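Presented below, as structure tokens, is a lone chain in the form predicted on its own.
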């Protein structure tokens, strides 16, 4: 299995990274959290022009992961997983404009339904249905991540089948790629900080305790990356163990990103607790995505069921 990106994929990642980095994404995320979507929608349009919204139907899951790793690294707000991963596969076509979907119980609320041009509910048949405006709640549900504005769109009656669909797996994989990007960003910012912050006459990054913690994050992310891209390759195949691979990628990426967030918070000290510091934008996003599109317990259960199924089948 080949994990190295092609030249085109590396160029695509660099192009997206340059575009997003030049758009002041942290300011965009903070404004989005306050309900000011103008800058976020401008960034959305520019990314759509680069083809991000058509990757799920016109490219491979590997390109989807390449894009979502960049979106995660910069904590770009908006229902990207819903519009550019889940809905294009579930509907069988690229989604025009901003759209969102609730897929209970794994994604019980519609992300950013207040700004989406189309809101869908997938209640178990793998066939999203449009939600009329009168069925959408106007007030957001309290979210651990202020940049993720969650809205109720009605009650689901049946969830069987959705979690095993290709649309769900691509959404979970895109979320794993976002977590990978977020973890890398927190690690990079933490390394920069510990080489600048001095205590007792030394950079705090010179202490072994700090080095060991950051090295553990590096190792966790290095384990997660091949699982994410391995799952992307597996999802490209018509049959196989893609479902199990996606769950393994989601679990490992979530663990690595969460470890990065804990270590990042610790090495930044008290400043890391403040909302004014950019670190808070990444920490809250990681916390939200750990349980988005399937909790760690759910994905571990899928892995176990898959392994037991193989064992019983071979007995």
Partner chain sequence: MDLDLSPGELAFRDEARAWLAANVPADPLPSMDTSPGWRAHQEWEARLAADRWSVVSWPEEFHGRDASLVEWVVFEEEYYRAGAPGRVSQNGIFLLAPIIFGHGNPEQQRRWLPTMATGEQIWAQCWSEPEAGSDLASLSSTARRDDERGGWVLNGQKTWSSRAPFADWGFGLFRSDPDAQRKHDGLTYFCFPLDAAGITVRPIAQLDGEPGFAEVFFEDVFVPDADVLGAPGDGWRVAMSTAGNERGLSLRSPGRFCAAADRLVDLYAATRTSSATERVVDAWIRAEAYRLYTWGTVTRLADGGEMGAAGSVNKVWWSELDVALHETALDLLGPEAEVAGPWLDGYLFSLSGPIYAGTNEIQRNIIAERVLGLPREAKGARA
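Keep in mind it's a predicted model, so treat the numbers as computed, not measured. Numbering follows the first chain given and starts at 1.
Beyond what is shown, the protein has a form predicted together with the partner chain; the following relates to that form.
Judged by heavy atoms within 4.5 Å of the partner chain in the model of the complex, the contact stretch among the candidates 220 to 228, 130 to 138, 109 to 117, 87 to 95 is 220 to 228. A heavy atom within 4.5 Å of the partner chain in the model of the complex is found for one listed residue only; from 279, 70, 251, 64, this is 251. At a distance threshold of 4.5 angstroms between non-hydrogen atoms, residue 307 is in contact with the partner chain in the model of the complex. Residue contact check for residue 167: none of its heavy atoms lie within 4.5 Å of the partner chain in the model of the complex. Using a 4.5 angstroms limit between non-hydrogen atoms, residue 152 is distant from the partner chain in the model of the complex. Using a 4.5 angstroms limit between non-hydrogen atoms, residue 215 touches the partner chain in the model of the complex. Residues of 172 to 198 placing a heavy atom within 4.5 Å of the partner chain in the model of the complex, in sequence order: 187, 191, 194, 195.
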